[in-house]
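Given next, in structure tokens, is a single chain: the form predicted alone.
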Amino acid sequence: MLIAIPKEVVTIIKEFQKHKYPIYIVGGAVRDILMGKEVSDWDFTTSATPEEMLAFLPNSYYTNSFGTVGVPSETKDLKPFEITTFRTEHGGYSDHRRPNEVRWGKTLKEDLQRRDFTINALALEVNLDNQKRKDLLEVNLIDYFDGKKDLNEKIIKAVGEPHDRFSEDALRLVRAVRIASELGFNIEKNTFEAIKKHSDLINKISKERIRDELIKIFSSPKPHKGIILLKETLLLEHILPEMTKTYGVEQKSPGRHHISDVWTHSLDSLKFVSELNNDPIVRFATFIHDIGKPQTFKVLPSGTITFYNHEVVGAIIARRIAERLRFSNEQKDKLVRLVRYHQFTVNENQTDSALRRFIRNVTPQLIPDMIDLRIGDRLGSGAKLTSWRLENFKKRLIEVQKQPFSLKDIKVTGHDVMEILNIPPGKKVGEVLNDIFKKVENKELENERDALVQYIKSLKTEA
């Protein structure tokens, strides 16, 4: 098989062959090469120990106890190279995440057989002494576990006995779903059943690790399919138990526009927003935007179903989820705001003050994301892509944002007030600035410096 390999990768392979150590390309790089994708993350395995590698690899570093030596890349689009010594694992996995003991292995096969899925247990061997072309290198595919076959059939299958693989490392439970979601693959039957059986082991994994996998699922091309897999494998009950309460919560009733229950609507909304917005937090917020509905469900005497204040309850739940999954403060704030204020009205009779209040609550930078969420919500409810009211609302948001939102936006300062009115710093300065801001906000004054200076001078005359 002929493939193109970056010069830095060739340089690394040359160093190992020069020092008589076998080295193989492994992991996602092999998978991506076979799928015709560009590779940015190159991983290797070798018989050389970390100490032996450090001796002949310039700028290399070793900061772990698992045999992985890092080599920084000088190419902008390439991640640091990671080269791991052949390993075997002993003594079980007490924490369901890391082996109790790692020993250096002697062969490639014993290293590959400890890996998670067959499509990740492939290796490429490069022999630089037998090359016929300069632009492409001849490589041999090493496939002990039929990974290429599973790759062609678009299947995620555990290496060996799936129950053992998931008992060893419970993070593999959600990794299987994440990789299936990213690649659009199915999970092989026995592997799928093993995930269901061991789904509770995901609680042994750190919340940060689960968060990272969940964010990758929401970043995948069709995240709603990944969420469905989480539900079907019972992982969702442990990762997002709050969303399982939306199963079967009815919304269809007289006077309501919804066509499905809360769970189905949430999935559909996620599906549609993913066609508009690539941000995983926006997608996450869209998926959980109605998470407060089960707690606020009521049926009126008329038969109409209501969910009053579900967005307020939902924001509280969203904050709890963000904190549990160790989101950054920025991610948490974004998630909570989008859930809290998604139930905004687009009534054409809203005042400019109401629109400004909405923008302050959402923040100007999140307005496009909020609009995308709203469109996903509409489409997920069976409505059209947009409406004249929504289009009018978007135009008014643009116009309203041309007006000042706070004192810092007006074209005069406290220093101007003190200088013109010849007064010292104090309460009076703030009162004048607030008076000016209100008049500008109500369009009684233009937010132009000359006009505002003249107004301040008029106050001096009145005094």
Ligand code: ATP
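Start at 1 and count along the sequence shown; that's the residue number. Quick caveat, the model's predicted, so the values are computed rather than measured.
Just so it is clear, the following notes concern the form predicted in complex with the named molecule, a form of the same protein that is not shown.
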Checked D435, E51, E419, D41 for heavy atoms within 4.5 Å of the named molecule in the model of the complex; positive is D41
As a check of understanding, the residue in K197, R356, K271, R175 with any heavy atom within 4.5 Å of the named molecule in the model of the complex should be identified as R175
Counting only non-hydrogen atoms, the one stretch of 394 to 402, 55 to 63, 410 to 418, 27 to 35 within 4.5 angstroms of the named molecule in the model of the complex is 27 to 35
* Asked: So in the model of the complex, does any heavy atom of N120 sit within 4.5 Å of the named molecule?
  -> yes
If we define contact as a non-hydrogen atom of the residue within 4.5 angstroms of the partner, is R114 a contact of the named molecule in the model of the complex? yes
Can you work out whether D369 and the named molecule are in contact in the model of the complex, taking contact to mean some heavy atom pair no more than 4.5 Å apart?
no
Is there a non-hydrogen atom of E311 within 4.5 angstroms of a non-hydrogen atom of the named molecule in the model of the complex?
no
Of the residues spanning 407 to 421, the ones with some heavy atom within 4.5 Å of the named molecule in the model of the complex are none
